[in-house]
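This document opens with one chain alone, in C-alpha cells, the form predicted on its own.
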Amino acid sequence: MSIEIRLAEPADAPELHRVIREAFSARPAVDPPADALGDTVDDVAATVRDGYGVLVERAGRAIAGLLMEIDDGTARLRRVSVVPGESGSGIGVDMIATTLIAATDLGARRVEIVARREFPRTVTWWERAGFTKLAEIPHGWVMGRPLPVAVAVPDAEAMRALGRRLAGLLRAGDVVVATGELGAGKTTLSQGIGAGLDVEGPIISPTFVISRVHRARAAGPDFVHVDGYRLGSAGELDDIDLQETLPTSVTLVEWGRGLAEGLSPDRLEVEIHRSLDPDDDERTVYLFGIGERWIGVLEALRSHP
C-alpha cells in the first residue's frame, strides 16, 4: 500500500506527537534521556506552527515524521521518527529525501541533525545518507550536508541538455542514482549524459536487460546504464557485478534509491519531480552531491540553470 509524505499542519500535532513518542520510547534508554520523551502535544504544535513538520501516512495512519526549523539558510531536523515495525522498510529514506527537497524549496541551502553517540548504527545511517560530522557535542555530533541544487527543466530537449551539462562534470568511477516516477524523464536525462560522454547508442530504458554498457567512442569513460525497477534489494543489484566496470565507467542506476547507495560513498543522486499540472511538461530536477567528490561541483548549475 502506498504512503503519503506531506508537510504537517498544527492540527496534525497529536498524531505527530504519537509517532515521536512511539519511536523514541522503543529506543534503548540513554542518559540523559532523549528530550523528545518530554515533548507535549502543544510543544509539537508550536514547532509546526513556527517552523515545519513532516508526516508520513499509510492508509490515513501516521507511521513516521519529523520536525524542522529553518534559520539563516540552514534547515535543522529534529525528532526524526519511524514507528516500531516500520524501521528498515525504506520509509525513513523516502521521508528524508522528500524533506530535503521541501527544505530546498523553502530556501534552505544546508541541513543539520544531531546524532547521539550511543546509537552508532544511526550515525552510520546518516553518513550513508550523505551527512558528515561537523562538530562534536556532549553525547554525540552535529551532522550536516548541503541541500540539492534545483534546476527547472521545461521540456524533453532541456532535460537532454541538462544531461549533457552533467556529463561535463562526470568522470570515470562516478555513480549516479536517478529517482522519479514513470515518465518523469530519467531515461531522457540518461540520453543527454550519454551524448555528452560521447558513447555508443542508442540509449533506451534498460528495463528488460537490467544493465547495458555503452562504450566510449573516444578516450572518455564508458557509460553503464542500469534499471533497478524490477530489483527487490541491493543484493540483487550486487548480482549484476557492477564492481568490475565501476572504476572505468560512469554508472547510472534508474530507480536506484534504496538499492544503489552502497555502490559508492561518493555519488550524484538525481530526483525528478513533475509539475502538479498534468498539462505542464515542466520538471524540477534536484541534484544531490554526496561525498567529498561533489563538494562545490554543482554550484555552477545553481548559479546558471
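Residue numbers here begin at 1 and follow the sequence given. All values reported here derive from a predicted model rather than from experimental measurement.
Keep in mind that the form predicted together with a small molecule is missing from the display, and what follows is about it.
Heavy atoms within 4.5 Å of the small molecule in the predicted complex are found in one stretch of 132 to 140, 177 to 185, 213 to 221, 95 to 103, which is 177 to 185. Out of the listed residues 166, 111, 153, 115, 153 is the one that sits within 4.5 Å of the small molecule in the predicted complex by at least one heavy atom. Taking non-hydrogen atoms only, residue 254 approaches the small molecule to within 4.5 angstroms in the predicted complex. Contact check for residue 162: every heavy atom lies farther than 4.5 Å from the small molecule in the predicted complex. Of the heavy atoms in residue 281, some are within 4.5 Å of the small molecule in the predicted complex. Among heavy atoms of residue 205, some come within 4.5 Å of the small molecule in the predicted complex.
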